[in-house]
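This text opens with one protein chain seen in two forms, each one given by itself as structure tokens under the names structure 1 and structure 2.
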Structure 1
Amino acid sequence: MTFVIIGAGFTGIELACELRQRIRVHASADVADSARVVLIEREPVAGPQLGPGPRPVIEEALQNARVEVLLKTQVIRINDDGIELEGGTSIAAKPPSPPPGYAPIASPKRSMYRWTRSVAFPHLRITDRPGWYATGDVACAYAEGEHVALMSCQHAMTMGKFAGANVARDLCGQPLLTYQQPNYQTCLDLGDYGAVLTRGWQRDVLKSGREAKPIKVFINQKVIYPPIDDHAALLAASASPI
């Protein structure tokens, strides 16, 4: 019962901290307690995109969840027997499905994003693909010229509004809007430990632990799900960013 998560970004940290609870639900408490959870990150810190502000909270939460964190570790190969790491070591684990293959694309920014995300800035239009737009987790976009959009619901929802508006503007021959992420906050789920809420691109910690957990629950259960069967409410929720 070894579970390996590759990438200690926003999603990887949330999954690692929440995984034992999901195992309890779908298997048993005994299985959850005995399982080995491994989080692999090639950068020297967990959550490199999240900045130093919330890092002590994240590290404490990972320790609390008994997650084995391997930093500065590169995955070389995934096969039926497990995961091979740079340097000759390996972790025995059975992959649930064939790992996805990504084709590299050119990126003028940091190489850590080049393998999985389409370059789409500043208008969320894919580079060298006229008429194509990217948003959410597949888009490598920059807010305020230098901040890489995270793979998070907050970014995805705002990017969707800008991309939708720009598709309409493109069709109508109007100037395109530059993607922006105003009033930026981040709420990271940390499983049984709670959550951590930060403000701004500098990621100042506002709340953490049990105090922040209700905010994350509210976001997951209320904010990120669109209204259902109400045309006017759907249009209001997806309104143009201007």
Structure 2
Amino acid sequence: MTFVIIGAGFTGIELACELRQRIRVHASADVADSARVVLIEREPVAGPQLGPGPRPVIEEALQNARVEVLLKTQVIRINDDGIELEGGTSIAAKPPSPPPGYAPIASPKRSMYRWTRSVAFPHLRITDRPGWYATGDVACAYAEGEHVALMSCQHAMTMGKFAGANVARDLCGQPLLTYQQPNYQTCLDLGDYGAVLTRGWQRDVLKSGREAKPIKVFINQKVIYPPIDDHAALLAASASPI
């Protein structure tokens, strides 16, 4: 019962912290307690993109959840019987997916994040493609100067409003709106430990542990869902951002 999670980014950390509770539900308390949960990250810290602010909270939550964190560790291949790591070591685990023989794409550091997204400036119009607009995870757009919009709900929803408004403005010959992402916050789920809420690109910690958990639950169960069967509420939720 070894569970290996590759990548200690936003979702890898959330999954690692929550996994034992899920095993408890789907198997048993004994299996959950004895399972080995391994989180592999090639960078020297967990959550490298999340910055130093929330890191102590994240590290404590991973420790509480008894997650083995392997840092500066690169996966080179996933086989029938486990995970091969750079340097010749391996971890025995049965891969349900992806199929055996799968080799993670060897990418230069941090570059995949940008390469797989269409470059869109600053009106979310794709460079060199008149009439094409990008939004959400597929858009690599600058927000607040040098920061690139993250692949997150908060950015996706705001970008969607700007892109939608600009498509209409483009068609009507009106000036386009410049994408902005004010009041950026991050809320990371940390399983039984709770959550951590941060503000701004520098990610100052606002709340952590049990105090932050209701915010995460509210986001996941309410904020990210559009209103249903309520035309006025739907229009209000998708209205032009400016």
Ligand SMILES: Cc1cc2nc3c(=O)[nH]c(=O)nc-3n(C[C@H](O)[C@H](O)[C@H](O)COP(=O)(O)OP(=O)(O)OC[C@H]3O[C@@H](n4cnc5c(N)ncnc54)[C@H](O)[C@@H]3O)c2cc1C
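Throughout, rigid core stands for the largest set of C-alpha atoms superposing within 1.5 Å between the two forms. What you see is a predicted model; the values in this text were computed from it and never measured. Numbering runs along the sequence of structure 1, starting at 1.
Here the chain appears twice, and structure 1 is the form predicted on its own. Relative to the superposed core, residue 28 shifts its CA atom by less than 2 Å between the two structures. In this overlay on the rigid core, residue 78 has a C-alpha that sits less than 2 Å away from its partner position between the two structures.
Once both forms are fitted on their core, the CA shift for residue 56 between the two structures remains under 2 Å.
For residue 141, the displacement of the CA atom between the two structures, after superposition on the rigid core, amounts to 4.4 Å.
Shown is the Cα shift of residue 157 between the two structures after rigid core superposition, which amounts to 2.6 Å.
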